[in-house]
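One chain is shown next in structure tokens, namely the form predicted on its own.
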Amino acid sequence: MKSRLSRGLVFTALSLVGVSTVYPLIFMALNSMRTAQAFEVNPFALPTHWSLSSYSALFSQVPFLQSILHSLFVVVPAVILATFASSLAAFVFTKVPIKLGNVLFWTMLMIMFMPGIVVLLPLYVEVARTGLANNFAPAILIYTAINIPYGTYLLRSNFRAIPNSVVEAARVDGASWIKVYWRVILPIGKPGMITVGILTFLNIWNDLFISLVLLHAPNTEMVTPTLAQLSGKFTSDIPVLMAGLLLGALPTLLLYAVTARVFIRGMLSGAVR
């Protein structure tokens, strides 16, 4: 009886968490199909007349699709570079016998606790001096460097769960460290790397300050600063704002929907040894 009651309470709690998570998306989707007048009458009512006028107004008044393409142009290479560099660093810290490995790891990890806003102004000054302001290349490299410590921290615990006997067997067979990394560690640690890639994607896609400072020109602006401007431009037309927020969240939702199983497996791998 107690076990059934406890399972019922857990199920109820998880259901409430799920509803609270999904409700904002449903609220945005429904209200993006309404007119501003209907929203002002009752924000929580269902649409009586479905309309796409909010989306047409969004695309005609704001370069929204262009900002999404800019974000993808920055995020995709930054995620690939950061994930690859993090996996290589985690492999060295866990499987390669190097002197002062733990000292180097914790030194690098200290960077993760440094607020990004602290280094933002010096970074912009250096980028501006080189004449690369509002250029995608510095933004990609900066986003890559910022996300490497976090990815290394996650993959280190993931790679530590890989038995050392597997690595030793490959070394006995004559495999170099590069071959061990490429043919042994990467195939086994693939779920963890995908998880790090997804989290890195979310970190960069949702970032506002770095993208706002480095890429503030209209022809380089990313999606998050564009969404921030919508809240001031469409204060009297909430359905247009809802349409922009929903479309801005759509890439992350699609990414998670495609990689959900691998993401969960990667989060759990290394947690239990």
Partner chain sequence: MSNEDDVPSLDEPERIRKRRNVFSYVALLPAAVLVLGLMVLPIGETMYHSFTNWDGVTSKFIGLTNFNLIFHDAIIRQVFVNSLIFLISVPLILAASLVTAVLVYEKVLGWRVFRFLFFIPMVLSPVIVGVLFSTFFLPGGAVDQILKPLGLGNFSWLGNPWAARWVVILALVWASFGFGMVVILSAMATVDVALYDAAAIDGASWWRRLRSITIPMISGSLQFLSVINVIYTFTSLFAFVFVITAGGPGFATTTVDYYTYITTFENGQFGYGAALALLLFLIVLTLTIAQVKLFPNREVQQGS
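Positions refer to the first chain, counted from 1. Note that the structure is a prediction, hence the values are computed from the model and not measured. Superpose the two forms; the largest set of C-alphas matching within 1.5 Å is the rigid core.
Unshown form predicted together with the partner chain; subsequent notes refer to it.
Participant: Let me know the one among 215, 58, 242, 33 whose heavy atoms come within 4.5 Å of the partner chain in the predicted complex, would you?
Facilitator: Result of the distance check: 242.
Participant: Counting heavy atoms only and using a 4.5 Å cut-off, do 108, 111 and 171 all touch the partner chain in the predicted complex?
Facilitator: Heavy-atom distance to the partner chain in the predicted complex: all three under 4.5 Å.
Participant: Is there a heavy atom of residue 164 no more than 4.5 Å from a heavy atom of the partner chain in the predicted complex?
Facilitator: Contact with the partner chain, yes.
Participant: Would residue 101 sit within 4.5 Å of the partner chain in the predicted complex, counting heavy atoms only?
Facilitator: Within the cut-off, so yes.
Participant: Closest heavy atom of residue 115 to the partner chain in the predicted complex, within 4.5 Å or not?
Facilitator: Yes - in the predicted complex, heavy atoms of residue 115 and the partner chain come within 4.5 Å of each other.
Participant: Given that the partner chain is not shown alongside this chain, does residue 53 nevertheless sit within 4.5 Å of it in the predicted complex, heavy atom to heavy atom?
Facilitator: Contact with the partner chain, no.
Participant: Using the arrangement in the predicted complex, list in sequence order the residues of 73 to 106 with any heavy atom within 4.5 angstroms of the partner chain.
Facilitator: Heavy-atom contacts to the partner chain in the predicted complex: 85, 88, 89, 91, 92, 93, 94, 95, 96, 97, 98, 100, 101, 102, 104, 105, 106.
Participant: Taking the rigid core as reference, does residue 250 move its C-alpha 2 Å or further between the shown form and the other one?
Facilitator: After core superposition, the displacement of the residue 250 C-alpha between the shown form and the other one stays below 2 Å, so no.
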